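A single chain comes next, written as structure tokens; it is the form predicted alone.
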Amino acid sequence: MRIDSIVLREVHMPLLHPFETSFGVTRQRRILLAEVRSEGLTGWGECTAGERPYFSGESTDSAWQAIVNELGPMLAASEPEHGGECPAIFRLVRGNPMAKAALENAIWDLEAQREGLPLAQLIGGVRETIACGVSLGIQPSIPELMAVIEKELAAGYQRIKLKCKPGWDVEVFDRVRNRWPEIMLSCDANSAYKLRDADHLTSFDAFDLLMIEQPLWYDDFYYHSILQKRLHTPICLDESIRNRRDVLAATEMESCRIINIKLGRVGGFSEAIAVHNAAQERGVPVWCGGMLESGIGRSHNIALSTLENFSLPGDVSASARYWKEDIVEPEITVSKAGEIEILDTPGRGYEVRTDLVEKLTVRKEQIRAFEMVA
């Protein structure tokens, strides 16, 4: 496909409610959107990098530079026929997976539109609906957390995930489990603990958690493997899993029993599918994590979650949980059964509200091709 133009935008979207993790509090998202036009069609991608390089080494600003100076011109100079060609196009640039994913996912969207297929079908999805859970940030108090959980359970969500850190864990789990003994409950530490906390972490086994997500170092397999041997509760790796090779290492070392797949973290659909397949071959279930995406990134997460091994409820929840007004239509909704229905529209399935995108845009740049130097 011929690339006619690439436009990169930064949009500012205030969250309805502050979202607190062990990294800090997020009140507004600075989101990078990549619009790729080709032969009368428009594909959209979203960069899920955070405002600061806390979750990963990328940030909104570093991703902007990587796309404008390197990745965007590389893509503009190419004629990819398939989204899976993007890793080869970007091969000279090390790292920067979230920046790469913004562009690659737009190409997958374009390809699906060109073929007249829903994106979920193009990537091999098999589900007509996906199961949804919610990720709940650290709240000002336990009573306020309990009220939020009650609201989300009433909305139908099938799994509750609690962000945790030292000082906000055991007492919280105890209160929640006593109030709701049967719900599917998990926690996410975002690397807030050390191996010296192993005795404390083993106390989490008392709360019948689905998993403990990334309790130790963000780039670790070894210490997680030591911890997993002491835990009955499955460890889920998130930040540590960057590609298929990491799945092989983590499973060989028995570092985890569940894997979270985030499109941005692994660099786009190509590697996400490879991670999914490697986990499935080894009998390790996966689920789709969230990064406070707009409806564009959320629509890609929905498509990814239709792959066969996404057997656990993911963090792909409704637009209205995060935004007063989302930038796609229809807005993404979750049924009372805690599911999202997969649309059969070609491409991502949700139209981008370009008028609202323009209104929210704070900087914009059109990217042109450059000649590759051998």
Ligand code: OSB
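Computed from a prediction, not measured in an experiment: that's the story for all the values here. We number the residues from 1 along the sequence you see.
One more form of this protein, predicted in complex with the named molecule, exists but is not displayed; see below.
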- Checked 135, 139, 243, 78 for heavy atoms within 4.5 Å of the named molecule in the predicted bound form; positive is 135
- Message: Please tell me which of 278, 291, 89, 131 lies within 4.5 Å of the named molecule in the predicted bound form, judged by heavy atoms.
- Response: 291
- Query: Contact between residue 271 and the named molecule in the predicted bound form at 4.5 Å, heavy atoms?
  - Reply: no
- Exercise: residue 64 in contact with the named molecule in the predicted bound form, heavy atom 4.5 Å: no
- Task: Spell out, yes or no, whether the shortest heavy atom distance between residue 326 and the named molecule in the predicted bound form is within 4.5 Å.
- Result: no
- Message: How about residue 158 - does it come within 4.5 Å of the named molecule in the predicted bound form, if we only consider non-hydrogen atoms?
- Response: no
- Task: Name the stretch, out of 201 to 209, 245 to 253, 292 to 300, 167 to 175, where some heavy atom lies within 4.5 Å of the named molecule in the predicted bound form.
- Result: 292 to 300
- Query: Thinking of 55, 188 and 315 as one candidate spot, does the named molecule come within 4.5 Å of a heavy atom in every one of them in the predicted bound form?
  - Reply: yes
- Task: Give, in sequence order, every residue of 205 to 222 that has a heavy atom within 4.5 Å of the named molecule in the predicted bound form, or say none if there are no such residues.
- Result: 213
